[in-house]
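The data below hold one chain only, encoded as structure tokens and taken in the form predicted on its own.
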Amino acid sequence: MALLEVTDLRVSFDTPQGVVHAVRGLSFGVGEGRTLGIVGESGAGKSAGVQALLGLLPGARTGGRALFAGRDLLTAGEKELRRVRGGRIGMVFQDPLAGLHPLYPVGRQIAEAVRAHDPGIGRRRARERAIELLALAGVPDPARRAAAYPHRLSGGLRQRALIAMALAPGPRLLIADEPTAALDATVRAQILDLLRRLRDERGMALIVISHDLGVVAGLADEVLVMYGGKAAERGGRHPLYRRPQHPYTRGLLASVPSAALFAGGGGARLRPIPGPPPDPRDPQPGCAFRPRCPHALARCGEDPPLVPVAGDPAHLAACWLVRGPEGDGP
């Protein structure tokens, strides 16, 4: 059984511009020692979905079920959610500067996270534990860096400090939301290697959220591609990358430089997906990708189900062009 099993998740919230239907019937799961990559454009509902699970979207209306270690997070009270988030579930946010207080040294902030989840630990031991966590997160000279303020650290070191803070209570699940945004290629690879190592050493489950399929290519066991608040495609990393079934997934892969420029011997060009993403305030019936899809059919006005791909029951796609195991499809 998966450590986290989400079924038919729905998330909406009010804005001055109207009701935003951020997530519309999303299902996924992740087990301990495994990594799920959630990929899609900005506004696809990736971050809103996981934040809603942890009660981090005030005023959001949620539906469905989200079982974490057998307990439904969507029906849990605020007191229980506070114990879960930051405790059994760690979160690494996109902007490390926003996640670190500018007026306190990073070591002090990590020590406070340690004491928040272990009130019986003394201040001295909490400071020592903070240095140990920075070392675990790959921060060089961790004792000196623990005394530094966030603005004195590079972007990569700040991200490692956030990871160290998230690891403080020993979570069973770590969620990293765009953990490599605004980092150069070398530092990005280091952060992804760090997440992979921590997952393997600690046996925890890992969810990595990104807009870039290239970020999760070497890390995820399973990939969930989201579009318009729904799952467009879901499957094991290798089948999904080698045999993408949804036109949106193929479009994302064509926009990844490593795939587009080198697969064709260096002569291929990047192919952007034309048109804007859908407006979550005005969801239309049928396939959300239809206005941008070069293969749209009249039938795409109907909502396509997420069906298994022929030959691989664990690989699913929501597209009328996909032929399922029974040979259905156009």
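Note that the structure is predicted; figures quoted are calculated from it, not measured. Sequential numbering from 1, following the sequence displayed.
Below: the form predicted together with a small molecule, not depicted.
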**Asked** With the partner removed from view, which of 65 to 73, 41 to 49, 28 to 36, 298 to 306 is the stretch that lies within 4.5 Å of the small molecule in the model of the complex, judged by heavy atom distances?
**Response** 41 to 49
**Asked** Can any non-hydrogen atom of A317 be found within 4.5 angstroms of the small molecule in the model of the complex?
**Response** no
**Item:** Partner proximity in the model of the complex: V322 to the small molecule, non-hydrogen atom cutoff 4.5 Å
**Value:** no
**Asked** For V20, is any heavy atom within 4.5 Å of the small molecule in the model of the complex, or not?
**Response** yes
